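One chain comes next, on its own, written out as C-alpha cells in the form predicted on its own.
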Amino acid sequence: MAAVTDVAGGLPDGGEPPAVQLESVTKRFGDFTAVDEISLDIEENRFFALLGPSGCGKTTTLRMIGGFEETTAGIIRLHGEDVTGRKPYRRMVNTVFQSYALFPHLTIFENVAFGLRRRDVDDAEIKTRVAEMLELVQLGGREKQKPHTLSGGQQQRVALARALINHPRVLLLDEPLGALDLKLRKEMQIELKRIQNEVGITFIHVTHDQEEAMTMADTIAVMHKGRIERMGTATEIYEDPQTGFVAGFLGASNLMQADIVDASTGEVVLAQGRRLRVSPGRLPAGEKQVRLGVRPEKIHLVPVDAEIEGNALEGLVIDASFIGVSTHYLVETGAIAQLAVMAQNLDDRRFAQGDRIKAVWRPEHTFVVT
C-alpha cells in the first residue's frame, strides 16, 4: 500500500518528501466545518482515492490541494514545498473535472495543445507531444475531430491528455467518471489505472463510488463529516472497517451488539445467550461490550440439523431473491433483526422462504467496529 500516515511530517524511507502532504488542514464556511484538521502523506506515483458520501469534505480537500479553495488553517506541501495560499497556476498540479471542460470550437489536437501554446512551446514540440498524449489515451488519429463527435468516455480521455501534457507532478481527478454510463465507467476505471502506471505520477481521485475507488486506488481514505475515518488498501478497509460508518459505506455489513465473555479466547455472547468467537486480537482491551460485524458473502446457510464448526446462528429464512450469480437471503435469527446473506449459486441447493436454517461463518471473518 502507499505509505500514508494520519500524522504528517517526516519523510518516507527513501528520504524523499511525499508527493502531497496535509498537516492539520481545516476548511470552514462560516460556522460550518467542511474539513476538520486532516493530516496525511501521499507518496510519489500512487493512485490515492478520497472516498465518501456527498458533503463529507472530499471535494473541498481536493480543491484546497489544487489551490481552488484557501485553507482556514493548516499546511499543504507538494513534494516538500509549502504551497499553502499559492494560486493554482503556481502549483505543479492539474485537475480533471467531471464536466470535461473541453473547448467545443477547437479540434482535439488544439484542446490537448492548449496548455503548451500558452507556454509558447514551439510547433514541432507541440506536434510531437500531442501525438504522444493521444496515443497514451488511445485516441491517435482523432486529432482533427471536434469534441462533440466523440463519446463521453473519449471526451474524458481528451481531458486527461490535456491535463497530462504539461507534465504535472500531481493529477487531481474530481469525480471524472460521474457523467459516464456504467459500461463506460468500468472501462475508464481500467484505463485510468493503466495511464497512471504509464505516466508514473500521483493521482488523487475523488469519488463517492466504492467500487470505483476499490478498483483503481492503491490507498483509499474514507471521509465522513470532514474527517478521514479509515485509510488503507481496499482489502484492509473492507476486511477490517473499524467503524460502523465505514462498514456500512464500503459494502454491506451485518452489525450486532455483543458482550465480551473472554477476550483472551475471543468468546462473546449475543442477545438470548448465543455465543460466538472472534479472532482474539480484534477485541479491544478493557471493554465489556463491542459491536461485531460480518459481511453477507462470508456467511453460508446449512440445514438446521447440520453439524458445523465455527460461528452459527439458527434462524428462519424470511426472503430469498435469486439474482443470477448469487441468491440474497434475509434471515430472522432473534439475535439480530435481519441477517443478510449472499450465497453464490454454485450448486442446486437453495433455501426458500420459511425454511429453518443455520447461518454459519468463520470466527476470523468477524470484525469489530466502534
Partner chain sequence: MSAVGREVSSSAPTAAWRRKLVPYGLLLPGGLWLIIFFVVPMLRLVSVSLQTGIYPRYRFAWAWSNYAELVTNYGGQAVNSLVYAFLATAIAFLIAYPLAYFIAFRGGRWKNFLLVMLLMPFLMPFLLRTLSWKIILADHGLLVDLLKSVHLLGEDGRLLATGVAVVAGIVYNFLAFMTLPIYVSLEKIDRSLVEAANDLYASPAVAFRKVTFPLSRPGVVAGTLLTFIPAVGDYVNAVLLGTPQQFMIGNVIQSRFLVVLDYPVAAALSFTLMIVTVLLIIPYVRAAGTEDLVA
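If you're wondering where the values come from, they're calculated on a predicted model, not measured in any experiment. Numbering follows the first chain given and starts at 1. Superpose the two forms; the largest set of C-alphas matching within 1.5 Å is the rigid core.
Same protein, other form: the form predicted in complex with the partner chain, not shown, and the subject of what follows.
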One stretch from 182 to 190, 113 to 121, 243 to 251, 203 to 211 that, in the predicted bound form, holds residues within 4.5 Å of the partner chain by heavy atom: 113 to 121
Contact residue in the predicted bound form, from 233, 128, 99, 279 (heavy atom within 4.5 Å of the partner chain): 99
Listed residue (224, 91, 142, 298) with a non-hydrogen atom within 4.5 angstroms of the partner chain in the predicted bound form: 91
Non-hydrogen atom contact residue 146 with the partner chain in the predicted bound form at 4.5 angstroms: yes
Residue 162: touches the partner chain in the predicted bound form, heavy atom cutoff 4.5 angstroms: yes
Touches the partner chain in the predicted bound form: residue 166 (any heavy atom, 4.5 Å): yes
Partner contact for residue 328 in the predicted bound form: the partner chain, 4.5 angstroms, heavy atom: no
Residues within 4.5 Å of the partner chain in the predicted bound form, restricted to 50 to 79 and counted by heavy atom: 63, 68
Core-aligned C-alpha movement of residue 245 between the shown form and the other one reaching 2 Å: no
Core superposition between the shown form and the other one, C-alpha change of residue 104 at least 2 Å: yes
